[in-house]
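The chain that follows stands alone, in the form predicted on its own, written as structure tokens.
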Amino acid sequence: MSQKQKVAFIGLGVMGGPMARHLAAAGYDVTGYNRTLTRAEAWRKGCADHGLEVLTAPTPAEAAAGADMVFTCVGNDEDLAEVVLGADGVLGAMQQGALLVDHTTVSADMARRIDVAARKRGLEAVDAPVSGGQAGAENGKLAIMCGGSAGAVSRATPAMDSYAARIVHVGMAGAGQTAKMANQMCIAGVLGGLSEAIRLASAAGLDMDRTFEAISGGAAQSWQMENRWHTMVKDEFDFGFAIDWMRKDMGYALDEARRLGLSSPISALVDQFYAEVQAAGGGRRDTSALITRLPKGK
């Protein structure tokens, strides 16, 4: 960059924290905010350990003041409304012409609402949910699906390049969120089938490594198979993206499908399977823990 740009990053959790650190490493002047102040301080110290100087702010508005770009990565619709539209939200503090980039997975309606509010203030907004989980954030290899104007997405892309392997502009405001819903539906369906396949192969006494080798090179291959087959076989389910968050995302997806007059029976069924895992105390396990609701057979 010819001139160091000032950015704010709101939400420094397992996804936002690494993303904000990548921005600092790319040469941006980063101020972070997190609702839990101890997490914000831990993020600042972690950046310092990497030789990066960053700042923290006590409110979203103070973090956003004077920033060229503001990034958000929080929990859900309500959290996003608070940090963007609330009394101490970023929108009221952002300077004319600044850009808001939201990486939270929320409803398409919330994305469109923020876009309208931003344009009324002379600002631009991009809804840019991500896929790739904690590992993708840590390694700077996220996939980002963007909704908004072509100009706004183009402005955001150089910054997002610091933590993304793929950035795709899929449409206008809300389109990024709708694409993320499709993404989560795909993951749910694949994990449902993968869970049953692993239980079948195991109950039949197959060598699980050889079975993986046999089927992962053909039409059954998927990211979930490549990255979760062996850990699911070992009953290891601590890989970042929790079932609690997946159910939140699936709720948005199923609501949007109903709004569009669509039937989504497979997604609805897998969502209920996830509810069973939650009820059994597995809500903080990663999404591959779907397999735990299935008995292991003989």
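Throughout, we count residues from 1 along the sequence that is shown. In this text the structure is predicted, and so the values were computed from the model without any measurement.
We do not show the form predicted in complex with a further copy of the same chain, though everything after this point is about it.
*Asks:* Counting any heavy atom within 4.5 Å as contact, can you tell me which stretch out of 208-216, 68-76, 113-121, 95-103 lines a further copy of the same chain in the predicted complex?
*Replies:* Looking at the other structure, the answer is 208-216.
*Asks:* Is G193 close enough to a further copy of the same chain in the predicted complex to count, meaning some heavy atom within 4.5 Å?
*Replies:* Flag for G193 set to yes.
*Asks:* Although the partner isn't part of this model, could you tell me whether E256 comes within 4.5 Å of a further copy of the same chain in the predicted complex, counting any heavy atom of the residue?
*Replies:* Contact check for E256: yes, within 4.5 Å of a further copy of the same chain in the predicted complex.
*Asks:* Taking the shortest heavy atom distance, is T56 within 4.5 Å of a further copy of the same chain in the predicted complex?
*Replies:* Close contact is absent here: in the predicted complex, T56 is far from a further copy of the same chain, nothing within 4.5 Å, heavy atoms only.
*Asks:* Going by a heavy atom distance of 4.5 Å, is T157 a contact of a further copy of the same chain in the predicted complex?
*Replies:* No - in the predicted complex, heavy atoms of T157 and a further copy of the same chain never come within 4.5 Å of each other.
*Asks:* So a further copy of the same chain isn't shown here. In the predicted complex, which residue out of A81, L91, A164, A197 has a non-hydrogen atom within 4.5 Å of it?
*Replies:* Only one option qualifies, and that one is A197.
*Asks:* Scan 245-268 and note down the residues that get a heavy atom within 4.5 Å of a further copy of the same chain in the predicted complex; none is a fine answer too.
*Replies:* Contacts from 245-268: A253, E256, A257, R258, R259, L260, G261, L262, S263, S264, P265, I266, S267.
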